[in-house]
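Have a look below at one chain only, the form predicted alone, in structure tokens format.
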């Protein structure tokens, strides 16, 4: 993980391999080209105030994600200046948006893979800006190299080089409590989010339900979190028919992991439930060719919940947070659940399985009912649940459904505050009838159109009466199959981690609506 420091050092004399500055797009009223952002004054001065012109000559425009490298001016200890685009110049006195800073820092950190030390002279108006830049650096510098012979990633680390080793945030205030707290928060959240990315990227032959549970147990012990793991015997004794039914075809048995972080000052209890299908073949309803290769990512919801609970513990949030990881591997075999089978769920309801590839809702149903027994103030489940949500919202936005309009809005606000693209989705009552079954209480499939909403309606059936609940479908943004962008790498992204942490912070402040 990249080391972070706050620094008040003067830019010219700073010993580093590169200095990162921000460049914005000039407004329509000033079509003179890129605009050098605050924080880079010393660099601009060394270019006799003509840095913007030099950058324009090199083709820079200040567009988001743009990187321009140029030799540092004479007299600077650092040999390189890296100008990174911030996008549109903000309105006067409004400052730069936190997400713009986060993305710019992430792009620069990735561009500087293999570098020992970089100084970030991006705009820092306050401690919140320092936190955004710190988060962007740590997320952007991420690479997953565990299975590379030489320990380098050609996608996320330039030419297979390791991540940026050290980043100094210039303009920060090392002795200021607010700045120190902002960087500490960014570090905790980013480290746990990157842990979630590691889990998502780990091949399924090394991350089965048992292995995932063991990792959760080790982290819980390290951070003072109470943990309980239900194996096949305990799940059978407890009547967890959904989790057992999904895992029935695999040689790797399912698990239900409960992580409990408690605070003596807590006034709210937030329960988080994550879908943890460590590999999804579709089961007997086998996925077609071309749809199996990335199905190691079907445990992204559980990874997000795991990371959020550990982050809450590391931050010492004054809220009780319980995480439920519903872990199973969905495989076809002679013992696998068949289309037409009926499962008796932990709640006592029966479900007719019409499609074994609609398995995520089955494991979540058991975990949601288990979470409901503790009567938390709110439950949020996170899952790579439906391809329909990808069709609706694309690859970078997750959908939010809820049984309470105010809570759905609160989850959306938390996502916006965290910088994660999200959109509120409805739960149309007329779609519920499509899941009626002549054999069981409900079927696991309904109408094809609006399939993401149908899945949300199914899950609602397993939330305890009177409990506020929201469902986050991260099927689109959980795994990035294209090239890296902003602070997002190729592969596992850690989608929803920051939203869950932000929601826990809001709960600690007594605000869940």
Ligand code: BES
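Numbering follows the first chain given and starts at 1. Note that the structure is a prediction, hence the values are computed from the model and not measured.
Not on display, but discussed next: the form predicted in complex with this ligand.
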| item | value |
| --- | --- |
| This ligand in the model of the complex: contacting segment from 349-357, 81-89, 186-194, 212-220, heavy atom within 4.5 Å | 349-357 |
| Full three-residue contact with this ligand in the model of the complex, heavy atom 4.5 Å, for 280, 287 and 445 | yes |
| Interface membership of residue 475, this ligand in the model of the complex, 4.5 Å heavy atom rule | yes |
| In the model of the complex, residue 361 touching this ligand (heavy atom, 4.5 Å) | yes |
| Contact test in the model of the complex: residue 381 vs this ligand, heavy atoms, 4.5 Å | no |
| Exercise: residue 387 in contact with this ligand in the model of the complex, heavy atom 4.5 Å | yes |
| Partner-contacting position among 295, 342, 427, 266 - heavy atom within 4.5 Å of this ligand in the model of the complex | 295 |
